[in-house]
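Two forms, one chain: they're shown below as structure tokens, one block per form, named structure 1 and structure 2.
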Structure 1
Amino acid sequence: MFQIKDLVKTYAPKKAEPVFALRGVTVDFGETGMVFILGKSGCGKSTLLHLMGGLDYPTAGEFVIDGKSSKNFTKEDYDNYRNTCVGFIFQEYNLLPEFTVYENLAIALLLQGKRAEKSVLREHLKRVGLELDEMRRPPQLSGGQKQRVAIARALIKDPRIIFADEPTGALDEKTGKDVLALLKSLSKDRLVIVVSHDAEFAHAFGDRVIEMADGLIVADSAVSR
């Protein structure tokens, strides 16, 4: 249902040499499951995630979702895609630190045209295993709590695809595993694509592990258990 075809991304900084971040990536994804993308720093993982999520645009190539090519996306299609199809989770959470947990989630609800009632919001927090005072602000939360709030925020859209860029990079091992277990449970009924450089986590939690090197996919295999 989600195909990536010959995706190329060349960054052309004004005062530096061009960077060939993606050099032709082709890959197909199913409707559900947890897929890890592994690779060394600088190999193009985040670039690939950003292009797949419509946060940035390719130099060449396309993704195809439900038979529709991103090449034919209007600006409105891209907005729709970002607002309804995909959710993003980042290493540094990207919560708004000056706003309460309630407000961080309420903004996401309002953007979806949904009412930001406290009861609804508590349901969302419960879904990610959080019971906390929603009037607290991100700086008063632990890393694991912040990441769960970020996951709750992503889930408000009920996205078909969740993209997580090094979601455990700032967490200790135990908390990281808890967050991956949560993402794994969410992958039962949606596609979850996790960028990581931790092969052990990838093989422990992934249904499939894709390896990248130097802007290309160099390995792709199902995880047998």
Structure 2
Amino acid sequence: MFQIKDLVKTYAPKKAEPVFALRGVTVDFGETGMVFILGKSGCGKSTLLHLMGGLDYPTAGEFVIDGKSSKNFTKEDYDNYRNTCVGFIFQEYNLLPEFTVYENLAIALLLQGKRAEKSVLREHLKRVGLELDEMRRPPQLSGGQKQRVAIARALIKDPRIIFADEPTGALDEKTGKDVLALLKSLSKDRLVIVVSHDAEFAHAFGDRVIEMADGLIVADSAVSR
């Protein structure tokens, strides 16, 4: 369903040597499952996620979804891809602090040009265990609750792919496990790609683990249990 072909990303800062963040990454993904991308800081894993999610553009290479190459994407195609096909979860949550939990979800629907129906919003809050917290604001929530709001916000678009960039980085171990267990349950009917530095979590929850170093994939294996 989702292919990455020879992705290259080079940064050329002024008065400095070029930085090669990705050096030609090729990898295929299935329609469902939970895939972890591991590696040390600076290895290129977050850059890869941002390119796959359409948040940044490659220096060379492409991703292909349903047979259509990103090389042929117009700006409208990229906007449609980000708004309807993929959902994002970040370490920093990226919630709007002045709005309630309910309103943070509603905005995600309104940005898609959809009606923010109460039944739909409450269904998604119940799905992540926050049905009693809809009127609270992010500063009133724990880290785990904020991440659950972020997951609900990503899910409300019904994306085929969820990209999670260090989703447990700001959480304690137990809360991190709870969040990953939730993402694992979601991966039964969609693709979930998680960037992480935690190999233990990856092998406990992942179906597949990809390891990166110096802008390249250096290992790719299914997790056996």
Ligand code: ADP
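Residue positions are counted from 1 along structure 1's sequence. Predicted model, so just to flag it, every value in this text is computed and none were measured. Definition used throughout: the rigid core is the maximal C-alpha set that superposes within 1.5 Å between two forms.
Structure corresponding to the form predicted together with the ligand: That would be structure 1.
For K15, CA displacement between the two structures after the core is overlaid, in Å: Its C-alpha shift, to one decimal, is 4.5 Å.
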